[in-house]
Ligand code: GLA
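Encoded as structure tokens, the following chain is the form predicted alone, with no partner shown.
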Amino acid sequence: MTKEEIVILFQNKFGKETPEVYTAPGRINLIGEHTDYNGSFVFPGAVDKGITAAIRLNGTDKVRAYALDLSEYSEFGLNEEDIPTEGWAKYIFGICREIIKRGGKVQGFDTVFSGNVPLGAGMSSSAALESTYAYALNDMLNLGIDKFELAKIGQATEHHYVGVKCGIMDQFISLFGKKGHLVRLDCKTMEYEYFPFDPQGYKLVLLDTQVKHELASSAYNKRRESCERAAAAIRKNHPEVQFLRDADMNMLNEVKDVISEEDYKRAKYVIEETQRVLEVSDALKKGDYETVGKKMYETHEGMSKLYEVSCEELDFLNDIAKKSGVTGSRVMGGGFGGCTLNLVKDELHDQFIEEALAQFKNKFGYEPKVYDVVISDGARKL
């Protein structure tokens, strides 16, 4: 939806005065999956799809919000007991509350928002929503909060108002994204570095299985606990190991007989994934996309066999990519459904998509959705 369209819809709903318009993107993550809560690296990029919101202060202590895509309206105050019932409105409420908790003065506002981040595709529409409002309120009310703190406000919203114990990556990249660049974020130190990502002759494509397996959140928490148990066992021999990212395979093998086979497999994946991120960093600096692709396949294998967060549909798409000569392919996001991320040579692109759609439909009875991805800028005022 264009800026002009959203302004007209806002004015139809809330009167003629012109609102401010802000946007923040969803994201992909090239490599580094389930590494954030292990104090390791992630490698995200902001995408050309996101949430756009028209906002105008209304001189009251109430927020009046309209979700265009759902045709739903919510009105709520700014005190803790005013939490709205609508799921989407809790994100906006949470951002307001987290700013207030940090001493920021939030005023009532009217807002209309719309998004084109595919829901359930693992591109983090929720972080785009949080970042849009955190960035907008900070800008409109001159709160002077830095972007890192805005990312933490988004993360705290998930923790306290949505009930998801997420890492910082999604909110971070939604705010810090930069066109033509991926960002390597160290989730332990919060240091970050931009890496040029301009794969001439390649396209990045998401294939969305449209599958969302229900066990995702409980299984996510289980894996987190596995990693913490493995790190604790290693720490007894190596007190310097705070997170799994601080460990190596020798340290893990020392405790192999002390921890469960499951915990061992989970930890092995994380330690190997940390190494892959560093190898991809070197490859990107050289513009070596063949190595990037090889590491993507290794990540998929690890997520499927060691971390066990893939599913039949994702593995099937990954196999087709391999057989079609696609440079790199892997499950992206938490797993249990969602998308594969594919790095495809231009000349193979159309043939690969055709094959993938036909074979997937033949096996599962419907076609996956296809999204071409362009790496874009983070949150901003339009």
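When you see a residue number, it is the position in the sequence shown, counting from 1. These numbers come from a predicted model, not from an experiment.
Quick note: we don't show the form predicted together with this ligand, though the next part is all about it.
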Within 4.5 angstroms, counting heavy atoms, which one of the listed stretches 75 to 83, 109 to 117, 159 to 167, 174 to 182 is next to this ligand in the model of the complex?
159 to 167
I'd like to check something about residue 337: if you look in the model of the complex, is any of its heavy atoms closer than or equal to 4.5 Å to a heavy atom of this ligand?
no
Examine residue 36 and determine whether its closest non-hydrogen atom to this ligand in the model of the complex is within 4.5 angstroms.
yes
Within 4.5 Å, heavy atoms only: does residue 202 come near this ligand in the model of the complex?
no
Whether residue 32 contacts this ligand in the model of the complex should be assessed with a 4.5 Å heavy atom distance threshold; does it?
yes
This ligand: the contacting residue among 328, 44, 50, 333 in the model of the complex [heavy atom, 4.5 Å]:
333
Assert contact residue (this ligand, in the model of the complex, non-hydrogen atom within 4.5 Å, options 88, 289, 264, 220) equals 220
Any residue of 97 to 116 that, in the model of the complex, places a heavy atom within 4.5 Å of this ligand
none
